[in-house]
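Take a look at this single chain, the form predicted on its own, given in C-alpha cells.
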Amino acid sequence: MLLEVEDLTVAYGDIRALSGVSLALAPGELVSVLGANGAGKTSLLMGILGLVPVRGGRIRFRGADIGRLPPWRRARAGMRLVPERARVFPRLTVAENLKAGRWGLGRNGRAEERVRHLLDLFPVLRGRASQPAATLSGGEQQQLAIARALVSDPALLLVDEVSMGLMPKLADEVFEVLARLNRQEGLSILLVEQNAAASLAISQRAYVLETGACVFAGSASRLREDPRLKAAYLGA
C-alpha cells in the first residue's frame, strides 16, 4: 500500500474530531472520503499531513512510519495538498504560482520540464502564463492549484473539497481533470468531498465518515448503486 492509516484519532483540546479511523490507498488508486460538514474529513487530511494534533494511531507512507515526522518532511516524502477553495496566490501570475510549487526543487531541468508537461495537461492555463491568478475563474483557479501541487511530481495528491464554491459545470470540469490525472498519469489521489455523486463516479473505492468515525469502507460502485447504503450514508 502507498498510504496506510490505522486507528487515527485527532482532537482539538477536549473536542475529538476523529475517533479511530483507518484507511488504505494503493498506488494508482483514486479513493474518496465522503461525509457531511463536521464529519472529520479535513481533520483526516490534516492529521495525515501532520498539521493538527494526533492523539493516537499510526500513519505509514511508502512503507515507512511517518507519524513522528514534521509536515515538511512528509511533503518531501511525496505528499502534496490541494486545499479547499484553491488558495492560489491571486496577485502572482499563473507562471509564478507554478514556480511556487517548485519550492525546494532548485532550478533544474527536471523542474522546468515538469512545468511544461503540466501546461500540456492543463490547456486552460497554457496561454495564461503571464495572467494574474485573480483574473481566472473559480474552476480555472482550482485547476491552477492542482497543477501547482503537481509541479513536484508527488506520489500522492491529497485533495480537500475541490468542488466547494464552484458552479456545477465548473466543478464537473475539475472532477474530470482529477479523473484524467488518475487514468492517464497513474496519479494516486485521496479525495475528500461532500459531492458524493461526482466523487464516486471517478473513484475506485470510498470511505464515509460520520461524526469522526468511519461508517463505510468499500468499492465506490457498491456505495453508488446500493439504495440501502445510499439512504443510510448519503441521504439519497
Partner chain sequence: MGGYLVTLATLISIQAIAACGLNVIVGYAGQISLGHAAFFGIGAYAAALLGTQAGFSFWTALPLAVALTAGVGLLLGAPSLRVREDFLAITTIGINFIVEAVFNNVEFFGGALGIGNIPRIRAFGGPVGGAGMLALCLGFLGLVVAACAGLVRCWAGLACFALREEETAAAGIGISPVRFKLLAFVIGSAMAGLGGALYAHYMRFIGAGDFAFPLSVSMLTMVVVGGIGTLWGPVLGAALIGLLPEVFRPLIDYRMLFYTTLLLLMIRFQPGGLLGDEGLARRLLRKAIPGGRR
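Positions refer to the first chain, counted from 1. Rigid core here is just the name for the largest C-alpha set that superposes within 1.5 Å across the two forms. The structure displayed is predicted, hence computed values, not measured ones.
There is also a form predicted in complex with the partner chain; it is not shown, and the following applies to it.
- Heavy atoms of every residue among Met46, Met79 and Ala100 are located within 4.5 Å of the partner chain in the model of the complex.
- Heavy atoms within 4.5 Å of the partner chain in the model of the complex are found in one stretch of 65 to 73, 168 to 176, 23 to 31, 188 to 196, which is 65 to 73.
- Contact check for Leu51: a non-hydrogen atom falls within 4.5 Å of the partner chain in the model of the complex.
- With a 4.5 Å cutoff on heavy atoms, Arg91 counts as touching the partner chain in the model of the complex.
- Although the partner is absent here, Gly138 lies well away from the partner chain in the model of the complex, with no heavy atom inside 4.5 Å.
- Taking the partner from the other structure, the partner chain in the model of the complex has a heavy atom within 4.5 Å of a heavy atom of Glu96.
- Residues are counted as partner-facing when one of their heavy atoms sits within 4.5 Å of the partner chain in the model of the complex; in 136 to 170 only Arg148 qualifies.
- Once both forms are fitted on their rigid core, the CA atom of Ala129 lies 2 Å or more apart between this form and the one not shown.
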